[in-house]
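In C-alpha cells, one chain follows: the form predicted alone.
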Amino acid sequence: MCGIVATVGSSQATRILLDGLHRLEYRGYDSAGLAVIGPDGLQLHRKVGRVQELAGDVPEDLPGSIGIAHTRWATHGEVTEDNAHPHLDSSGRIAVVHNGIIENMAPLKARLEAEGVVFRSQTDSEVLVHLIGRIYRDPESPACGDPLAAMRSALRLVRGTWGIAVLFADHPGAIFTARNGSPLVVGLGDGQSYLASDPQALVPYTRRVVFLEDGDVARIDADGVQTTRMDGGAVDSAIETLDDTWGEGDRGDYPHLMLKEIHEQPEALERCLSGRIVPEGGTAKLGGLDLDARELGRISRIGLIGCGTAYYACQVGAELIEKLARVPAKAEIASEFRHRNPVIDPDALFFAVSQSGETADTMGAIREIQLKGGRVMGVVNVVGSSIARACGHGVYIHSGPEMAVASTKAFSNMVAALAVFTLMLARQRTLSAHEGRRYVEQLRAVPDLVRRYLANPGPIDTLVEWVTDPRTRMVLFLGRGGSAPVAAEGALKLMEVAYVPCIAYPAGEMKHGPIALLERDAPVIVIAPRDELRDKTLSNLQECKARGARVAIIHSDGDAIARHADLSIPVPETNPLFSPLLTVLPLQLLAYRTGLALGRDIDRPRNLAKSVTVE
C-alpha cells in the first residue's frame, strides 16, 4: 500500500517527512518523493527505489517547514520517476499525494487534455492535481482561490477512493486533505501538526491523533485541524491517544522484522488472552462484542470474512466454532463475498478479520452486510482503524505493530482471539463448566508451548535445502481439518517471502489433481498433529512417498507418525483444536530461512504491500 506523510509547523519539514517515510517502508513501495514549500516556492524531489535514495537526493538544509511526502506502490503506470508522487499541476504551484484509485480516470484525463493540459505521468493520481488546479485558478468558478472549495469541487467529479494531501504555494501555512476509502490520521503536537496514512509514522512525534472519516475534508495548520464534510458541514473530531505498543516497530536485536515478529508470538498471545479468559468459570469475556447470553443464544450462524492470511485464520476459526460451540460457521474470502450478492441471515453474526483494519475488500464486505441488515464485528489489530470504526464493536487482537509485510504474529493472534470467542459461545451453548475449565487451561498453556518450540525449532535448515534444491520446481503443502488452512498459510508465506511456487491442498483432495505434479524428490510438507484425522493424513503421506516425493512432516512431539516421513519436525503437543498455533511456526521459519538463503528482501518482498487498501 502507498504511504502518505505530511507536516506543518516550525520544524524543518524534510527531516520529519523522510523519517515518516522510513517508518512506512514496511508497507511496501517502489518509489518515493516529497514536496516542500520554501522561500523559492514548491520544491519537488522524487526517486525510484528506497527512501534512503530519496534522502540522498534531498539537501540536508532544504528550507521549508511545511511539506508532503509519499511512498508509491504502482497501480496505474510503471515504476518510473515521472510516475512517483507528489504530482504538480500545470502551474507548478499545487502538489498532491494520493492513495487510492480513480476509477473514471480515462474520461477525466481526456477532458483535461482537450482543454490543453499536458500530462507528465501515466498515473490516475495526476488527474486529481490538474482538476484541483483548474478549478482553483478559474476566475469564473466560485471555488477560485479557495483551496478547500476547489478540492470539494474536484472530488465531486471523481469516482473511486482517495486519501490525499495537497500543498498550495499560495497558502504556505496549511496542508489540505480529504479522505474517501483510504485511511488518513492527523497527529497533533505542540505547535506542529502531522498527517499520515498510518499511525506508525506519527509515534516519534505525538500520540494524540484524529482519525479522518470517509467524506472528510480538512485544513491542517500548526495549531491543529479543522475538519468539514464534502457539503461544507462542520465535524466535531474526537482526539484519541495511540497505545504505547505503537512505539515498538524497530528490529531490536534481530536482523529482520519478520524474525523478530515470529519470536514475539508468545508475548503477543499472552496479551491477546490476558483478561479475557475466566479460569474459575471455564468461560471467556469479550467486552468489545457487547453481547449478552441471550444475544449469544440467538446467533444462527457465524460468518468469518478476510483476505490472505486473515482468511486462513478465519478458516481455523470456523473449524473451532463448529467443533466446540456446534454453531454453523463459514469462512469467506472478502473479495469474492462482496461481489456475489450474498444472502444475509439477520440472526447471523459476521466477523471481519484484518490485521491492519484497512483492507479494502473486507471494508466492502462490511458495507454489504450492513446494507442488508446483518450484524458485523471487527477482529483487528489496529485501534481506530477503518474496520474498527465501521463495525463499532469487535475484538482487538493486541499483536502490537506488525511491520514485516509477511504476517506471522497477527495470524496467531487472530486464531487466538477467535478461540476465545469460541469458548465464550460454547459455554453458553454446549460446554460444561468442567470442560470449559479444561479448555481454558489448555489455551493458557499455548504461549509457553510456542516459546518452547521457538527455542528448539528442529531441522528447518534441512527442509530449506530441499526447497532451494535446483531440481525443485514447486512445493506441495498438505493438511486435513484445521491443518488445511495451516498448510495454505505455510504455502502463502513461502511464496511471499522466498518467491517459491507452492500449492496447498486439503490432503484428501490430493488425488483429485495435484498428485499429477509429484516427481522424484519433490518436496511435500504435511501438517499432521495428533488428531482424529491423523491416520487419514498418514495414508496421503504414503501416497506421496510411493511416487518418489521427499516428505517432511510437522507433527505432535512423540507421535510415531514421524517414522513414516523423510524429515520429522515435532512441535509440542496441545489440544488438537489449538494445534494451528504451533504447527504454523515451522512454516513461518521455513519461509524466513528460505528467503534468507535465496537473498530475498525478507521484510519487503517484491510487488507486495502490507495492507491492501485498493481493489
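All residue numbers are counted from 1 along the displayed sequence. Note that the coordinates shown come from a computational prediction; the quantities given were computed from them, not determined experimentally.
Below, we turn to the form predicted in complex with a small molecule, even though it does not appear here.
Among the residues G308, P199, G481, G400, the one placing a heavy atom within 4.5 Å of the small molecule in the predicted complex is G308. L492 is the sole member of L431, C272, L492, I369 with a non-hydrogen atom within 4.5 Å of the small molecule in the predicted complex.
The stretch among 441-449, 284-292, 351-359, 153-161 whose residues place heavy atoms within 4.5 Å of the small molecule in the predicted complex is 351-359. Contact check for V415: no non-hydrogen atom falls within 4.5 Å of the small molecule in the predicted complex. By the criterion of a heavy atom within 4.5 Å, A406 is counted among the residues contacting the small molecule in the predicted complex. The small molecule is not drawn, but in the predicted complex it has no heavy atom within 4.5 Å of D89. Contact between E496 and the small molecule in the predicted complex is found at the 4.5 Å heavy atom cutoff.
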